[in-house]
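Okay, so here's just one chain, in structure tokens, the form predicted alone.
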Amino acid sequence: METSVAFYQTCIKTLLKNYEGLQSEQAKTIIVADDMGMHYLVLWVGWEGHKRIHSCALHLDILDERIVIQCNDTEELIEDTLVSMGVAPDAIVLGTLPPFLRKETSFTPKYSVAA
């Protein structure tokens, strides 16, 4: 039987693959999936003329058996996508919101470890 952490890892990696093709002539997409450290990122890296492109599109961590959304620079509500994949809302922490605003959501409101 798959553990909750293994299930979360599978869901996150499936989610990140949706962004694999979002690259341009100026920047390519890099997906980082660190299962040991439980850090998951989508980066855009490249050059636009003389301007360096190095941007984090998504950053998720698994901390204390919860998925913490550390950065979401996309237009998608990835927390809803994770829920549609079967992740319970109380296993998701919106790290992009200040802790006092999290209580206004249906996701884990009181979690504050590194988020």
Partner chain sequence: MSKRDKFHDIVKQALEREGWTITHDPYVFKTDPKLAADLGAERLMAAERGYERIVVEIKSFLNSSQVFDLEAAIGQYAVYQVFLQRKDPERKLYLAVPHHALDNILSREVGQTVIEALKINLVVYSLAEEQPLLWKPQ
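The shown structure was predicted, so the numbers you read here are calculated from the model rather than taken from an experiment. Residue numbers count along the first chain shown, from 1.
The next section is about a form of this same protein that is not shown, the form predicted in complex with the partner chain.
Proximity to the partner chain in the predicted bound form, taken as heavy atoms within 4.5 Å, picks out 65-73 from the listed stretches 38-46, 25-33, 83-91, 65-73. In the predicted bound form, the partner chain stays beyond 4.5 Å of every heavy atom belonging to D61. For the chain shown alone, G21 is not a contact residue for the partner chain in the predicted bound form, no non-hydrogen atom being within 4.5 angstroms.
In the predicted bound form, the partner chain sits within 4.5 Å of a heavy atom of T96. None of the heavy atoms of T10 is located within 4.5 Å of the partner chain in the predicted bound form. Looking at 77-94, the residues that come within 4.5 Å of the partner chain in the predicted bound form, counting any heavy atom, are L77, I78, E79, L94.
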